[in-house]
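Only one chain comes next, encoded as structure tokens, the form predicted alone.
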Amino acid sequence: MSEHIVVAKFGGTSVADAAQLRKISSIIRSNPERRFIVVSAPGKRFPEDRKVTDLLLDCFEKASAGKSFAEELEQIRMRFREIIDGLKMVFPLNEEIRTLEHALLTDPQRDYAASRGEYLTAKIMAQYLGFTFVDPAWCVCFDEDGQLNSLMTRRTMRASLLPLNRAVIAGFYGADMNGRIHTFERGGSDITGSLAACAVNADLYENWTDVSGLYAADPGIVEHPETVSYMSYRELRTLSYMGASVLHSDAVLSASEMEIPINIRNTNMPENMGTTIMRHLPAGVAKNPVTGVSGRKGMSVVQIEKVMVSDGSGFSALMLDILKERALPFEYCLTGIDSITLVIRSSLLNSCKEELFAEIRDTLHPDFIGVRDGLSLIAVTGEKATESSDANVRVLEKLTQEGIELVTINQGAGKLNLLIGVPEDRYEDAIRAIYEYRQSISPRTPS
């Protein structure tokens, strides 16, 4: 039987200082299957602290403006010096800092500067563990326009990692064919971890952070929400997109394509098994029909009315073409017999509202066009809802009983996948009401 392979990614809070890195070492050494480690840059050690990546970006901004960045660079040096000294290591930090300083003075590049936190953390971690350091500039492949080349990345990462027994890979960045560094968006170390897991065909991708899995609701709204033990890839993608910020949604997509389970764990509570995301639940596991609820504020609803828009005239297609030409994304679109309803982020709509409405009037000649601002969008998801087919109805009933106006409702077919628009001033009330209903139907076996 081939050896099991676990890829483990550790986030910014997990590598914030020497004490955290010692915890990581203990976690890795407790399971020899954890062969490939991905790390972020050091995050905050306390609420008022600054992330290393933010300090690096400050250096870039000042260097680009021809200003001195000596103070910020010294703060970065001291952060890493404290880690190195705390681990009782000998590491050429001053040489690395001089290389960074020279690059900022001669040719400041934003992505290069932003990536150095992960780069240095990975080099330090690899030396501390006795693992091989792998620079993603060698194997995470971007096109010159900054787009990830997924196929090439999978091949080059596989060729880079599989010959190694154990390795530490810096997260968050890669490079194009010319060697120019490109970064993912914030949270991109999750993507690096997922890419590595896919490249080596890992049996498990662990994502270590500062929470013990994914909550069924926002703990800032619901007091002590339940941790979900098992969740499907689709459920996590939906909840992540709508605001649950434990794991980058692109990381979920890569792992789900190869059906690699993802385990979200807490570096500070490694005994807690956290949340496992997979295609199918283990046999015998009881699961709540409502897996979780998440959402976001700052939404607007655009209502466009014209008699018989669904009669094959192409009205809806023309409407979507207008949005496409303006590169204006929408959360969802509902088409009725005489109307089209669009839910769009207010921040995006407000910058072009008048021009957009004028184009719609000139092109489509609607009978009415209007907008309602100040809304929030809530996602309620549950792959097991077919076992309790009235779950979606009960969620809506619960909101109605609480006197919460339902501005829009979009229901997916089959499984429970509700997107509900409610007024912003009732957003938290709605989240609490849905979670209360979830707990009222919770199975005896924890979800």
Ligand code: ASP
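Heads up: residue numbers just count along the shown sequence, starting at 1. Just so you know, these numbers come straight off a predicted model, no measurement behind them.
In what follows, reference is made to the form predicted in complex with the named molecule, a form of this protein that is not presented.
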{"item": "Candidate stretches 401 to 409, 23 to 31, 38 to 46, 375 to 383 - the one whose heavy atoms come within 4.5 Å of the named molecule in the predicted bound form", "value": "38 to 46"}
{"item": "K62: touches the named molecule in the predicted bound form, heavy atom cutoff 4.5 angstroms", "value": "no"}
{"item": "Contact test in the predicted bound form: R50 vs the named molecule, heavy atoms, 4.5 Å", "value": "no"}
{"item": "Close approach of S189 to the named molecule in the predicted bound form, 4.5 Å, heavy atom", "value": "yes"}
{"item": "Partner contact for F172 in the predicted bound form: the named molecule, 4.5 angstroms, heavy atom", "value": "yes"}
{"item": "Residues of 269 to 299 having any heavy atom within 4.5 Å of the named molecule in the predicted bound form, listed in sequence order", "value": "none"}
